[in-house]
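This document opens with one chain alone, in structure tokens, the form predicted alone.
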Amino acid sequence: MTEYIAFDSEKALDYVKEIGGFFANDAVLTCYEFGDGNLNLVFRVADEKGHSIILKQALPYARCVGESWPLTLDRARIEAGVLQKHGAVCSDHTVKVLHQNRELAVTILEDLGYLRILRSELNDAKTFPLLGKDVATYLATTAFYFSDFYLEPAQKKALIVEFTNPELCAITEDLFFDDPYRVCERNSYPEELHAEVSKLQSNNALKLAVAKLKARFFSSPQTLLHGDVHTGSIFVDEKTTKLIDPEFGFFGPVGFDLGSFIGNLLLNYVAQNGRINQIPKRRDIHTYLLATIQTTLATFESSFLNLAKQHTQDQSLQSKGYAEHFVQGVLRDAIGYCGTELVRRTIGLAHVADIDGIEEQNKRLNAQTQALFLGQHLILNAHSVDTKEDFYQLLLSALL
């Protein structure tokens, strides 16, 4: 058994050379650490011809906090396992795992350096025509093939055990559903928002709605989730969309990943009010983001229902109308989880560069205020939505 040791660039390079198989034996290799992730070390190893791989190693603590916040190394196994499972059913949109070492918490991945991180691109008001379709295809496909619609009950129960992820789920539970709705030292927001935050934290109707969302997160193992679908976990160009970093993966409610993605598009929407001064340019990116949300919902619905119609294995779940009933519940969940993403990214521990990167304080505060209002609006009204068209109208009523 190999004893765990945290890598530096030299150790990462030595490891790649030792296991071999990625480069020619006589290749001249270089290695450097990059990225600003909250939890892990990430290295790029390349040869002189430009061929490269990514080596990712989990640390036994949250990097963004330090050793005072210990974390299990088993999350590296979870991440690699989710990528392998999701890649088996949706390879076009899942980064490829090339190697995994559980003892060292090391995963080697294909290098997506030819693509760009979606969050940075959206912050620069760049658009990608296939984004909504691609992400929805990934979410619908992975949701279906690891759900009760497709898996035998014994298969699914075994996978639930394999992908039980209590420590990282606890982070989500705290950051999404607890911290923003109470006085907590991890919360982070400007003093100017104090009155709004106090109002939020005393809103019993809001806290009840969040409690229901948390309860479903606890107890609805509908499918194998990515668990952290935000725009920093998506690589893109005009023709390609790939998802990475599912170390928060577990069996949970289908709407959680869908809502998280839409929530990040809406965070960018409100941020653009402070990023772009020219009204036509701002209108263009707003139109694109709303159209992408519409495409995401429409593609998710049609893709999931088509899969259910063609490939549902369970006889009871083949009953006419059940798949539509299921998708309606997913939509309502997604709206609620979308709202919690907006709230927690505004006043919780982990913010987004979309808003925090706005230079002018007043514009940044306006974006934070709008995100906070929109998040609460969606959480409180999710139960009233029956269709994706209802959701769009609910969204427009808060944005316009």
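We number the residues from 1 along the sequence you see. Just so it is clear, the model here is predicted, and its values are computed rather than measured.
Note that the form predicted in complex with a further copy of the same chain isn't included here; everything after this is about it.
At a distance threshold of 4.5 angstroms between non-hydrogen atoms, Tyr322 is in contact with a further copy of the same chain in the model of the complex. For Phe218, a non-hydrogen atom is located within 4.5 Å of a further copy of the same chain in the model of the complex, even though that partner is not displayed. Residue contact check for Arg116: none of its heavy atoms lie within 4.5 Å of a further copy of the same chain in the model of the complex. Put simply, Leu104 is far from a further copy of the same chain in the model of the complex: not one heavy atom of it is within 4.5 Å.
Across the proposed site, Lys157, Phe177 and Asn204 without exception bring a heavy atom within 4.5 Å of a further copy of the same chain in the model of the complex. Interface residue among Glu192, Asp237, Glu110, Asp148, judged by heavy atoms within 4.5 Å of a further copy of the same chain in the model of the complex: Asp148. Screening Leu130, Val97, Leu317, Cys90 for any heavy atom within 4.5 Å of a further copy of the same chain in the model of the complex leaves a single hit, Leu317. Only one of 118 to 126, 286 to 294, 226 to 234, 205 to 213 lies within 4.5 Å of a further copy of the same chain in the model of the complex by heavy atoms, and it is 205 to 213. Although a further copy of the same chain is not shown here, in the model of the complex the stretch 148 to 174 places heavy atoms of Asp148, Pro153, Ala154, Lys156, Lys157, Val161, Thr164, Pro166, Cys169, Glu173 within 4.5 Å of it, in sequence order.
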